[in-house]
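Here's a solo chain for you in structure tokens, the form predicted on its own.
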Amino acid sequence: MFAGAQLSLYPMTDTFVDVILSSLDALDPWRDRLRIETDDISTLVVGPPEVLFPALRDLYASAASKGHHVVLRATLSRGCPGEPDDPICQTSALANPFEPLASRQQAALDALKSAPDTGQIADAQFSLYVMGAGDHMAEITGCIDFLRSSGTFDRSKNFCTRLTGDAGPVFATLQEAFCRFGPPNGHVTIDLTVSANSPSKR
């Protein structure tokens, strides 16, 4: 399987270079389990979901802790048919496709109980795309039902769902949405925006 995120970090400050470079240090504890490639537009982070999402959480929390308005934009994908399998992405985190939807929803909720707090608020919106064979709308609806009970659900918006809360539970919720819904051998993507310290909330 191939799994990863193409991400960009946007700090709204004249010192954006320092914010970006210092925030990248938060990835250091995860680097031995990820493949990271950066160019002038974005950073590709490849690895299993159980490593990928905590790494993104720590990157975001580090950037948010500087106090500036900062936005993390990411496209996450697993099982893309256009990408070769990568041994670094081996995982047991994906749900059993034969497990009933209700069981997967409950397992996702149970997993959130161990999500750590970071002390940084995350306001996020995302869209889940389930591709391939099967009833993709049943999977998306099942994910939305899970989100409503997650403790991080804020509201539904056009084309996406908004989450709000500490970055720990928010990114854990995103991880469960990514792993529990859609076929493990199918192509699943998430379009994600996470904002911190927005002046619109003052």
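This structure is a prediction, so every number in the text was calculated from the model and none was measured. Residues carry their position along the shown sequence, with the first being 1.
The protein also exists as the form predicted in complex with another copy of the chain; that form is not presented, and the subsequent description refers to it.
Of the stretches 136-144, 25-33, 59-67, 166-174, only 136-144 has residues with a heavy atom within 4.5 Å of another copy of the chain in the predicted bound form. Contact annotation: Thr91 falls outside 4.5 Å of another copy of the chain in the predicted bound form, judged by heavy atom distances. In the predicted bound form, another copy of the chain sits within 4.5 Å of a heavy atom of Val130.
Proximity of Ser103 to another copy of the chain in the predicted bound form: non-hydrogen atoms within 4.5 Å are absent; the residue sits far from the partner. In the predicted bound form, Leu112 stays away from another copy of the chain, with no heavy atom inside 4.5 Å.
Residues His136, Met137, Arg155, Lys157, Asn158, Phe159, Cys160, Arg162 are the ones in 135-172 with at least one heavy atom within 4.5 Å of another copy of the chain in the predicted bound form, listed in sequence order.
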